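Shown here is one chain on its own, the form predicted alone, set out as structure tokens.
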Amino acid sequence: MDIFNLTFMSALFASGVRQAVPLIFGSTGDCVSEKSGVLGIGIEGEMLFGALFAYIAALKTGSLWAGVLCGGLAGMVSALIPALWAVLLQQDQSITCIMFNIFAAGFTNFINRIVFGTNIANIPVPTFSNIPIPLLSKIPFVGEVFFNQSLLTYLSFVSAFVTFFVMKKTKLGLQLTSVGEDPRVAQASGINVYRFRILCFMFCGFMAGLAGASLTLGSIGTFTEGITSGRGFICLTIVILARWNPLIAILASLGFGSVEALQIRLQVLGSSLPYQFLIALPYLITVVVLAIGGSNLRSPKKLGVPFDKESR
């Protein structure tokens, strides 16, 4: 089985870019959320909401972009559930988000079976087609990998770059950092910490919803229960490895996406490795990379710490 040829590698990494799209969306949103001091563990559930409602909207309206928008809005609205509990009621953020993920898995399965009567929504919708960028797509290898992708893929890269710019170069980004580092000082300077953190939660939910939409409308054209398959938790790993930097998160997402694409192709080519190992490969890589790269972290000082403006 010859996999070390240019054609195979080009197709592999092009697929890796497509597999990375939900990870880029999700990790970009989580960078903002965690910079403000709130954990984004609920990304997995928000992605599920986005995936289901993006598919339903695209099916009912016949518009992929309407589906993408509905997916983002579904993720954003669903994020209000853990946001209200974690920010306003000052409950433990980890427990709140984990409970939300359990709720999201059950609720999306319930809605799916109510609407379609089965655990698989078997009415496919068209997916986003590739749009080659003139001239750039003709560059050998690189053009096929990066510049012959769908608009949704390009949008994921643009969103990460814009988010990075806002975080690093604007007053809003400075306020974001202050809320995550010392919310009491931020409150004293006139920033409404509660509102700011809830809005960051909602932004993270919107990006997670886009990530879910990219799964249903960017790849398979339908919804299946548990379609996220732990990608929300991979996003959390990417954010830690990227040190809360959306640009570095793009590179980490591409790495994880390529591993996912590789295991799929090895299965198709009939690798002698057990398929269970190939399916688990991306998650094994996640654990190993997190163990190696997760040391000496400088996380936002008040990450995961509830804020009470009345306390001293």
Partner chain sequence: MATREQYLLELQGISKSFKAVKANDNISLKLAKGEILALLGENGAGKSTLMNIIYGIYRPDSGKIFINGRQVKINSPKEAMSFGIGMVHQHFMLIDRFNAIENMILISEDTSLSVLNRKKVRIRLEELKNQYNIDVDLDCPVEQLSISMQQKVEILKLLYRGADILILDEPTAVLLPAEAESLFRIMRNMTSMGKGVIFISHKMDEVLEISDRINVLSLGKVTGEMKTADADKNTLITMMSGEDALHVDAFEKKAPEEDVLMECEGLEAYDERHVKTLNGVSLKVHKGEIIGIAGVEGNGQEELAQILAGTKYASGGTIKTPNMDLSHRSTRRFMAEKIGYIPSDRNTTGTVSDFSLLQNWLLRKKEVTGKDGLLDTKRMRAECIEGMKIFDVRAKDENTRSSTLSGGNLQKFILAREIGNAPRILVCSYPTRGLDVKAARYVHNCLIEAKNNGTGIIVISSDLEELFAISDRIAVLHRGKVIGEKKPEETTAKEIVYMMMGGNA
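Because the structure is a prediction, the values reported are computed rather than measured. Residue numbers count along the first chain shown, from 1.
Missing here is the form predicted together with its partner chain; even so, the following discussion is about that form.
Contact annotation for Lys138: none of its heavy atoms lies within 4.5 Å of its partner chain in the predicted bound form. When its partner chain is considered in the predicted bound form, Gln175 lines it closely, a heavy atom lying within 4.5 Å. In the predicted bound form, its partner chain stays beyond 4.5 Å of every heavy atom belonging to Val158. At the 4.5 Å threshold, heavy atoms of Phe165 reach its partner chain in the predicted bound form. Stretch-level contact analysis of 200-208, 150-158, 76-84, 185-193 against its partner chain in the predicted bound form, using heavy atoms and a 4.5 Å limit, identifies 185-193.
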